[in-house]
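Before any questions on binding or motion, here is one chain by itself as structure tokens, the form predicted on its own.
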Amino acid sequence: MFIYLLKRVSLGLVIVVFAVTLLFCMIHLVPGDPARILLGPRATPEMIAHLSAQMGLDQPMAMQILKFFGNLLRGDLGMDVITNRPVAEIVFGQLPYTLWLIGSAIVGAMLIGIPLGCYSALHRNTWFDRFSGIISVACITAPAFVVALYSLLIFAVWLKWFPAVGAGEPGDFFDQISHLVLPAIAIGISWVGYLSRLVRASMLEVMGENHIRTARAYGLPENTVVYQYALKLAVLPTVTVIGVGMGFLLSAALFTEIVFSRPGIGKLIFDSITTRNYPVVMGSVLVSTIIFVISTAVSDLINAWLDPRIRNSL
């Protein structure tokens, strides 16, 4: 397990370095002078030159990349040229909002999708199975921003059941939860359908394996066979998909945070790209990439813990 973990960490570092380097090159290929855009049309050449030097844009791109990674090794993500605050303070101040949103969405999707898929597999080809299949496909094909707009219109504007915008008053737990419901539904509803279909397919495959037939032949209760033997293996693909899908959840959170005017790292990236605030963009994408790498590594470790066959192959 230690060697496997070491390999996962090494691969994660390579992914982070490659992603940040690629992003660094891409944002510098965008037309326009970032310093001129930040300062506005009335900026003098001296002001533009001073801000360019402050942002390090007057240096070659290779030197900028090396300087960024050198500061990163010291835990320094740079300074925001607009507010003159450390980028790390800005990013980690917005990160909890996004983590709460993603965590709530995926936990809700698991609580609904996994039992739904399991029940559909146990009642294959019944009216419930067909109906859940239709609903699941409809959920999968619903884009997050469309669900966000309609949920905002129906439940916040028309019915007034939930607040429309914001993240709630700091320190007021119930107010924050009420502001979290609609955004979490917007990015989690597609995962309800996806997880239910995945669990159903996995359950149907596992229920036909030899160890399940053997457990039934020994006279074990059906609930024990289903929940302790079959479901434990059927959720393995689900764990992997959730870990890999963290990147899709982060992208969906971006649109949701914009629609609901929620603070978060997605909205921070969008605002920073709009203003060409390179240090904040780099810091935000770096943290997002690290979250993605950690989530995939954790999902692999959970799979190894749940399935002895994976542990023995390491």
Partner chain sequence: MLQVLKKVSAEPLGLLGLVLVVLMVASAVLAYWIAPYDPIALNIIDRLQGPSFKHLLGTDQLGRDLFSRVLFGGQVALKVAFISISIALVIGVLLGMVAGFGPKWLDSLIMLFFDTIRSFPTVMFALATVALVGPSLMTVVAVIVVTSIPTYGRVVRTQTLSIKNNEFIKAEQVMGASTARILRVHVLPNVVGPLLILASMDIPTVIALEAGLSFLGMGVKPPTPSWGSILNDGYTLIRNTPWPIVAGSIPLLLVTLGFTFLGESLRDQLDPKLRNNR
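Think of the rigid core as the biggest set of C-alphas that the two forms share within 1.5 Å after superposition. This one's a predicted model, so the numbers in the text were calculated from it and none came from an experiment. Positions refer to the first chain, counted from 1.
Keep in mind the form predicted in complex with its partner chain is missing from the figure; the text below concerns it.
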The single option of A142, V241, L111, M79 touching its partner chain in the predicted bound form, heavy atom within 4.5 Å: A142
All of F173, L182 and S299 with a heavy atom within 4.5 Å of its partner chain in the predicted bound form: no
Flag S251 as yes or no: does it have a non-hydrogen atom within 4.5 angstroms of any non-hydrogen atom of its partner chain in the predicted bound form? yes
So in the predicted bound form, is its partner chain close enough to F69 to count as touching (4.5 Å, heavy atoms)? no
Is there a non-hydrogen atom of G247 within 4.5 angstroms of a non-hydrogen atom of its partner chain in the predicted bound form? yes
Would you check, heavy atoms only and a 4.5 Å threshold, whether R124 touches its partner chain in the predicted bound form? yes
Candidate stretches 84 to 92, 71 to 79, 111 to 119, 156 to 164, one within 4.5 Å of its partner chain in the predicted bound form by heavy atom: 156 to 164
Sequence-ordered list of residues in 114 to 152 near its partner chain in the predicted bound form, where near means a heavy atom within 4.5 Å: R124, I134, V137, A138, T141, A142, P143, F145, V146, L149, Y150, L152
Comparing between this form and the one not shown on the rigid core: C-alpha of T274 shifted by 2 Å or more? yes
